[in-house]
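Quick heads-up: it's one chain on its own, the form predicted alone, in structure tokens.
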Amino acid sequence: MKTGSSKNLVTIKGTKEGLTIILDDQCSFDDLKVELKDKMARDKQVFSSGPEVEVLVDAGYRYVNEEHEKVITDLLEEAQAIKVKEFHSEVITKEEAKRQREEDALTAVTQIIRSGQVVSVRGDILLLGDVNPGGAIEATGNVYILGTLKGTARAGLEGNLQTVVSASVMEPNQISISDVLFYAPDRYEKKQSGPLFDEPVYAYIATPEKEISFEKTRLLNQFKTE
């Protein structure tokens, strides 16, 4: 579906996922705002008479800051049946690009993390060494330990539920993935020792239970492709 316009700065397309509103990325924001306002005034009755529709706003190669997002959202949602689901733009700021590179990076560390030490990185971390009781390793991404985990490991620090904690020898005091916690103090209080499993495993969040479960590391590729 395409709604006609004298300037064609705003195009509304229907897809199987819902409505996409495509914004011209060559005109000024003021011209875009005027046409969007006119279009919504003309089509307000059409949208208001139907059920609520979630829309994706595609800004193309136009950078849309928070202020512009608010203006566009307010104009669109004047039609009460429209709800802006998300914005998409091919343009990001230098800070966003730097953060994205950090999140996609893998940091390799060779050391033994001793009691009282905390090693923390953005992105994924690969530790060639052990995490002793009282020590901690953490990352905004995944945590991979080629050694023994006896201390604490935290993955997905900023809320990423699709991260894992993997260890060659899994004997943790505590594991957390995002805000989900696995805690095993009773092993130490009862002076139990030895790994939880007889081969390398990784910890992940199982759904719909939203609890930490363990699986063999050799099956990690299946988790990553789900």
Partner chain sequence: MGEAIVITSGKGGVGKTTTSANIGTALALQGKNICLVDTDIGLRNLDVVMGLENRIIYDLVDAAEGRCRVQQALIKDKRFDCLHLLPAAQTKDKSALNPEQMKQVVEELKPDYDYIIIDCPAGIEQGYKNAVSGADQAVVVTTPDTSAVRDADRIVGLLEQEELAAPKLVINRVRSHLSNYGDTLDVDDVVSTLAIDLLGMIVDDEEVLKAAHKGEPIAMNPNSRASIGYRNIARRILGESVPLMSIEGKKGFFAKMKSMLGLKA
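Positions refer to the first chain, counted from 1. Since the model is a prediction, treat every value here as computed from it, not as a measurement.
Beyond the structure shown, there is the form predicted together with the partner chain, which is absent from this document and is the topic of what follows.
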Original post:
Counting only non-hydrogen atoms, which stretch in 111 to 119, 69 to 77, 83 to 91, 138 to 146 is within 4.5 Å of the partner chain in the predicted complex?
Top reply: 111 to 119
**OP:** Considering only heavy atoms, tell me if T107 and the partner chain come within 4.5 Å of each other in the predicted complex.
**Re:** no
Original post:
Who in 131 to 150 is close to the partner chain in the predicted complex, meaning a heavy atom within 4.5 Å?
Top reply: N132, P133, G134, K150
